[in-house]
Structures are given as C-alpha cells and as structure tokens.
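What follows is a single chain, given as structure tokens, in the form predicted alone.
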C-alpha cells in the first residue's frame, strides 16, 4: 500500500507543477493576441487603433490584474472545466474546438501505437532469440536506417507515391463527401483518409520497441535462470516466451504507457502534412496564431494524459513485478 500511496503523491505533486507551468508559459511569451487579431482584421500594413485593441481584449476576456490573482482565477476555471474562448475559432469555446478534433487523433494514434507495440515486441524478441543471424541483422539494419528518417519526409514520399502517382489513397483531410456519423460510407471515407497518416506513423513508431526489446532480451538470455531452463531441457519456445521475453517485456510497459500519453506531440508534423483534422494540426495552428487559450488547453491535455498513463504504468508495474513494490516501499 505504501508503494501505491507514494506513486499517487508524486502524481499529485507533478500535476500541480504541470498546471502551474502551463499557466506561466503563455504569459511570458512575446506578442499580444488582441493586437494580432486586430492587425489581421485591419490589414497587414494598417495602423493599429489602441481603442480597437482594448475592445478586442475585452471581447476575448483577456485576463487582467496581478499574476497571483490571475493564477487563482485560472485554477478556478480549471475546476469548473472552463478553458476559455479560442482566439482563432472565436466565438467557440476551447473545449468544443478540442472535442471536435479529439477523436480523430485518439483513434488514429491509439490504433497505430497498439499495432506498433505488438509488432515491435514480436520482432525484437525474435531478433534477440536469433541473435547475430540473418533475421537479426536485417531487422537491426532496417530499423536503424528507418530511425534516421524524419516522419514528415516519409509522409511526403507516401503522398507522392501512393497518393498522386498511383491515386490509391486520399492525400489530405479526414473525409470528403460522406456525412459524418456512424455509417458505412463515412467510416470507409475516414479510414481511406487516415491510411497514409497511419502508415507514416507505423513506419517509424515500432523502431523503439524493436531495438529496446531486442537489447533487453539479449541481456536476459545471459542470466542464470535462462541457462537453468535450457539445462532442464525445456523447449526453446517455452524458454524464449515464458522466461526471456516475459521479463524483457516489463520495461516496455512503462514506455508503452508514456507513448500513449504523449500521442499528441508525435503527430503535429504528420497531421499538418496531411491536413488531418486532429489535435496535432490544432496545436500547430494554435502556436502559429498565438491562440493562447487553445494552446494552453492542448498542452495541459498532453501533460495530464502523460501523467495519468505514467501513473497507470507505475501501478501496473508494481502488480507485475512484486520486487519493485517491495524495494520502493
């Protein structure tokens, strides 16, 4: 119990630090969003009217007062689930804007992460078991090569090859002519548009799992309990899966949870390249247009998702490996 309470205490402390940093960062950024919006409406070379700028600040609900009073006001808004109005999508609330993009990214990246994890773990385990063989060499070299490529560059190649040249898949957007909803036409349209972004992520995402699982399992294969299992005459399949792979899998549990929690960070460029209507593209727009309320909410969402995933991994780790729970109690 002490182990779990300690992890929960760290979670609460880290969450408070994240919320505080998330409050401070937009307020130290240069530039005034109200001036940017007035300039955008008036024209690039137009002279700014300070009365219009002040009216825009009032319209957007730009916080005023001391930093301390703003912090208290910010915490109160968070507790009420009030994340403010989006500057770029005014007059829509930030929660509504995020809600429209949320499931596009969550479905896409969750499917990719789960598939990447399973494929990476299996390839890494088999490569370690066949260490220094042809399969191991091929998997290691290909993984290392693909790891040097940038996702946006792979995305551009796929758009040119499978999109424009062959015309097999849609190259941008989330859907075209179907009506959004739970119907066959829309699902087919959405899957068709999500294929190239998913393939881009599937090329680069399993690399970490492959190399990590391979290296961890190779270390485990030299342990005494593996030698004892072989000496007892257990089949290779049992030694590989039940003993070596099972223990090598434990460190990957934390990594998988962190990967799920940090799905937003890895999709910004990919979603921007494909103009995919998810959270990554939304964050790119928020940064470029200084939409502070939206940017603040997205950063908070990413951080909280990562912390929750990390907490779940820590709690699960304590269940899977009692030695960790006893050593940190």
Partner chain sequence: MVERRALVAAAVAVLLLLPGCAGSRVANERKLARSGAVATGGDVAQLNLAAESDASIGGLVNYNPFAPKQLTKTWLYEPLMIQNSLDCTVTPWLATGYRWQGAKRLTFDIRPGVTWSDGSPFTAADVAFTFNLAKKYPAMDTAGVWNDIFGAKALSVTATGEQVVFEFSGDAASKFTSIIGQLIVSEKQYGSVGDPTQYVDEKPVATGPFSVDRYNGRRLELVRRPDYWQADKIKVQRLVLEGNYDANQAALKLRTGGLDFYTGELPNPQKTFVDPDPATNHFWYPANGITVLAPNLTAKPFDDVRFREALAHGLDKESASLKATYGIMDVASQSGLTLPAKQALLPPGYPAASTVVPFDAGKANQLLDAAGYAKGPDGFRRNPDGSPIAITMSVQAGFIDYEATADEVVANLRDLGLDIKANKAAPDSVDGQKKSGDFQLMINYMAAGCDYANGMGATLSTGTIPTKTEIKGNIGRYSSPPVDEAVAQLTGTTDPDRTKELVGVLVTTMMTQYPVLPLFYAPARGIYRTDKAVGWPSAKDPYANPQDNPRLWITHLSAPK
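In this text the structure is predicted, and so the values were computed from the model without any measurement. Residue numbers count along the first chain shown, from 1. Basically, rigid core = biggest C-alpha set you can superpose within 1.5 Å across the two forms.
Another form, the form predicted in complex with the partner chain, is not on view; read the next lines as being about it.
With the partner omitted from this view, the residue of 302, 62, 272, 296 that lies near the partner chain in the model of the complex is 272 [heavy atom within 4.5 Å]. The candidate spot formed by 238, 251 and 307 is out of contact with the partner chain in the model of the complex: none of the three has a heavy atom within 4.5 Å. From the list 72 to 80, 240 to 248, 113 to 121, 86 to 94, the contact stretch for the partner chain in the model of the complex under a 4.5 Å heavy atom rule is 86 to 94. The closest heavy atom approach of residue 40 to the partner chain in the model of the complex falls within 4.5 Å. Proximity of residue 176 to the partner chain in the model of the complex: non-hydrogen atoms within 4.5 Å are present. In the model of the complex, the partner chain sits within 4.5 Å of a heavy atom of residue 164.
Residue contact with the partner chain in the model of the complex: residue 277 places a heavy atom within 4.5 Å of it. Although the partner chain is not shown here, in the model of the complex the stretch 39 to 57 places heavy atoms of 40, 41, 44, 45, 46, 47, 48, 49, 50, 51, 52, 54, 55, 56, 57 within 4.5 Å of it, in sequence order. After superposing the rigid core, the C-alpha of residue 283 moves by less than 2 Å between the shown form and the other one.
Once both forms are fitted on their rigid core, the CA atom of residue 62 lies 2 Å or more apart between the shown form and the other one. Core-superposed comparison between the shown form and the other one: the Cα of residue 273 travels less than 2 Å.
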